[in-house]
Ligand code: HEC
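One chain comes next, on its own, written out as C-alpha cells in the form predicted alone.
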C-alpha cells in the first residue's frame, strides 16, 4: 500500500510539473503579439486606424496624452516654463526665441500642437522646423526632397494632419522599424552605418535617435544637419561648429556679451550612446518602451515615458535591487547633475553681463575680449548640451558631470579674461 501511495504521489507531482510548464508557456513565453500582421496603406497616418489591428500598442500610445509631473522632479509632461526653476535661462538666451518660450515637452501626440502655438514660431519660421514633429514628413520629403525645408512653415501646415504617430517608426506594410528623417539617415551614412541594413535591436534606438538629437539648419537651404562628423561628444560637436560648416557660425549674437552663440537641441541620443546603458547594448526602447504583458500577450509599450513609471518592466529585467532603491538612485544622480547645471548656468549669466560691461570700456583690449567671448560661447554650449538633454544627465552621468564641470571652468576663465581685457574687477 505504501508503495502504491508513493507512486501515486510521483504521478501527481509529474502532472503538476506539466501543468506548470504549460502555464509558463502560455503566460510567460507567449509570442511578441498574437494579432495577425495587417498591411496598412502607405498614406494612412491616423493611429486610430492602426489601432484597430494593434490595440495593445495603440491603447498604450494613448497614454502619451496624459500630462503629469515627473516622479523624480525633472522632466515630466506638464507644459511649464523652464525659466521658472532656472531663471538664468532668460539671461543666457537673451536675444533669441528661447528666452520668450521654453517649456517642457508634452509628448508625441502634442508635437504639432506645441509647434504651432509656441511663441518661437514666426512667419519667417522655415519648414525644416516640422521635420521631427510629424509622420507626414515621409510623404512631404518623398514629394519635395529637401526643398520643403526652406518653405515657410505656414505653407506646409495644411499638409500636416498628424503629429508623431505609428508611421514615424513603422513600415505600414511590414510593421518593421524604420527611420523617416533624412537628416539622421545622411548623418549615419557619414559614420559608415546603413540604416536599411541595421539589426532590429539597433533600430530600437535609431527610431528615437532620428529626432532626439542635436541639429542645425544649413544656411540658405535650411536643410537639417546633424553635426556628427567629428563624433557624438559635446566637445566633438563644438569642434565641428568651429569649422563654420557651410558658413554656419552661430544661432544668434548675444546682445550683452556680443558672443556668437550656439543653441543645443535635445541631444538625448548622443549622450545616451556613450553611457553605461548604451555601451552595454541597452536600446532606448528597452527602457522607455519596455515589453509588457496583457492577457498572456506580449507587446512593446508605446507609452513613451520615464522608466520610473514602470520600473518593474524597464529596470528590473536587469537590475535586482527593489523599485524604491532604483528610484532613489535616479533621483540622486539627477539632483547632482541639476546642482552643477544651476551653478554653470548662473556663472554663464554673470559672464554675459561682465563681458557687456567690459566691452563698454573705451580702452578695452579687443583681442582679449574676443578670447573671453570664445570662452563664454564654449561654456554655454557645454551647459546647454546637458540642460537641453532630457534625462537630467542620467543617460550618461559621468559625461554629464564632467561636461558641466568644464562649463563652469570655462565661464570663470571668460570672466577673468574679460576683466583683464578691460582692467576691471567685476
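Computed from a predicted model, the values in this text were never measured in an experiment. Residue numbers count along the first chain shown, from 1.
Not pictured, yet referred to below: the form predicted together with the named molecule.
Participant: Hey, in the predicted complex, is residue 216 touching the named molecule, heavy atoms inside 4.5 Å?
Facilitator: No, residue 216 sits far enough from the named molecule in the predicted complex that none of its heavy atoms falls within 4.5 Å.
Participant: Does residue 365 reach the named molecule in the predicted complex, with heavy atoms at most 4.5 Å apart?
Facilitator: Answer no; every heavy atom of residue 365 is more than 4.5 Å from the named molecule in the predicted complex.
Participant: Going by a heavy atom distance of 4.5 Å, is residue 251 a contact of the named molecule in the predicted complex?
Facilitator: So residue 251 does not count as contacting the named molecule.
Participant: Answer for residue 189 alone: is it within 4.5 Å of the named molecule in the predicted complex, judged on heavy atom distances?
Facilitator: Outside the cut-off, so no.
Participant: Given a 4.5 Å cut-off on heavy atoms, tell me which of 282-290, 85-93, 117-125, 222-230 is the interface stretch with the named molecule in the predicted complex.
Facilitator: Comparing against the named molecule in the predicted complex, the contact stretch is 282-290.
Participant: Only one of 144, 244, 193, 318 has a non-hydrogen atom within 4.5 angstroms of the named molecule in the predicted complex; which is it?
Facilitator: Exactly one residue meets the criterion: 318.
Participant: Quick one: of 172, 356, 107, 182, which gets a non-hydrogen atom within 4.5 angstroms of the named molecule in the predicted complex?
Facilitator: By the 4.5 Å heavy-atom cutoff, the listed residue in contact is 107.
Participant: Run the contact test on 200, 307 and 391 with a 4.5 Å heavy atom cut-off to the named molecule in the predicted complex and return yes or no.
Facilitator: So, yes: the whole triplet contacts the named molecule.
Participant: Need the contact residues for 330-361: heavy atom within 4.5 Å of the named molecule in the predicted complex, sequence order, or none if there are none.
Facilitator: Counting only heavy atoms within 4.5 Å of the named molecule in the predicted complex, the contacting residues of 330-361 are 330, 334.
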